[in-house]
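In the block that follows, a single chain appears as structure tokens, in the form predicted alone.
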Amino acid sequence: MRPELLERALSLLPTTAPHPQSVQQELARYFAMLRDYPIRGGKGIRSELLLASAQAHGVQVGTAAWESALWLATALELFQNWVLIHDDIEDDSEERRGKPALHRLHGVALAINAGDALHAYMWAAVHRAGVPGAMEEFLAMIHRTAEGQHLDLAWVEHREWTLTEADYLQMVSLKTAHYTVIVPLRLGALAAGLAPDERFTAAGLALGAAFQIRDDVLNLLGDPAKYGKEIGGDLLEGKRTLIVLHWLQTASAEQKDIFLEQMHLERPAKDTATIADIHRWLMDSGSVAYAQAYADAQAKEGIALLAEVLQDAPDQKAAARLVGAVQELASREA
């Protein structure tokens, strides 16, 4: 994320507290945990979309409105970080941003508590922004994200594989599209004092699907040094992806049986050699290309819709930069 957003996020987090000396050392470890994921960095995709949207809607750098937009962007980054802490626990992930996940370093209970605390500090950033309607946007974003996360986790918990591609896309629309695209674009308009265009939803749903499917593809073939998460982690976690659901329709009976046998095991019980075989089967099939083609089509549709929404935006140069940034994200390699 931008250094100025990280600085704002860290300014909200405690470094000391008026407690007895006997607990200061342990609380210092807690304060460091709160800073861990934010300091690790991240791509800042969502906050950049928010700020780009604010500029397209006429917000000028250095104004009070820009200050509000920066605090909203900070809140969005804090949202991303507390959600990732919880997500890593729920998925039993090993890594985040190239380092061990927080619960691998400190245990599940302490990591959950740190995530809960960052959630509260997120609301402090929203309050600092002082933008009418922003709280409602964050609430809606959290509700939709939690619904999508429930579907994702429930399918894993119940070993549910009788799913359609439409089921996957519905999950993605809830879990990814709202907080990755729709809400950042809407918050940018609110920072400018304008009512968000309702067409942002359709554009964001298409772009959100494109971004998530692209991420699913990168999880299989991305560069570990750039990707920041373990390659093939989705298979170990039993994630439902467009790639896998498409492949299951054409996989041989033997391969399908082997796949489902592994997917009915908890992550530690999965056989790494067999998972490597499944990884190869997916890569050798046409399902990766199918998913990428679908993502490209969704990205094209979403970009066209976004350009249509922004054709009358107050700052046309900023609007063009926003559309260009989205195009670049849709084809990202990490």
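Numbers follow the displayed sequence, beginning with 1. Predicted, not measured: the structure shown is a model, and the values here were computed from it.
Below, we refer to the form predicted together with a further copy of the same chain, which is not included among the displayed structures.
Within 4.5 Å of a further copy of the same chain in the model of the complex, a heavy atom is found for all three of 90, 136 and 143.
Note on contacts: among 113, 201, 262, 255, the single residue with a heavy atom within 4.5 Å of a further copy of the same chain in the model of the complex is 113. Between the options 27, 39, 305, 45, the residue in contact with a further copy of the same chain in the model of the complex by a heavy atom within 4.5 angstroms is 27. Screening 203-211, 241-249, 124-132, 67-75 for residues having heavy atoms within 4.5 Å of a further copy of the same chain in the model of the complex returns a single hit, 124-132.
Although the partner is absent here, residue 167 lies within 4.5 Å of a further copy of the same chain in the model of the complex, judged by heavy atoms. Among heavy atoms of residue 158, some come within 4.5 Å of a further copy of the same chain in the model of the complex. Interface residue remark: residue 99 is not counted as part of the site for a further copy of the same chain in the model of the complex, having no heavy atom within 4.5 Å. Remark: residue 31 counts among the residues lining a further copy of the same chain in the model of the complex, judged by a heavy atom distance of 4.5 Å or less. Taking a further copy of the same chain as it sits in the model of the complex, the stretch 142-156 comes within 4.5 angstroms of it through a non-hydrogen atom at 142, 143, 146, 147, 149, 150, 151, 153, 154, 155.
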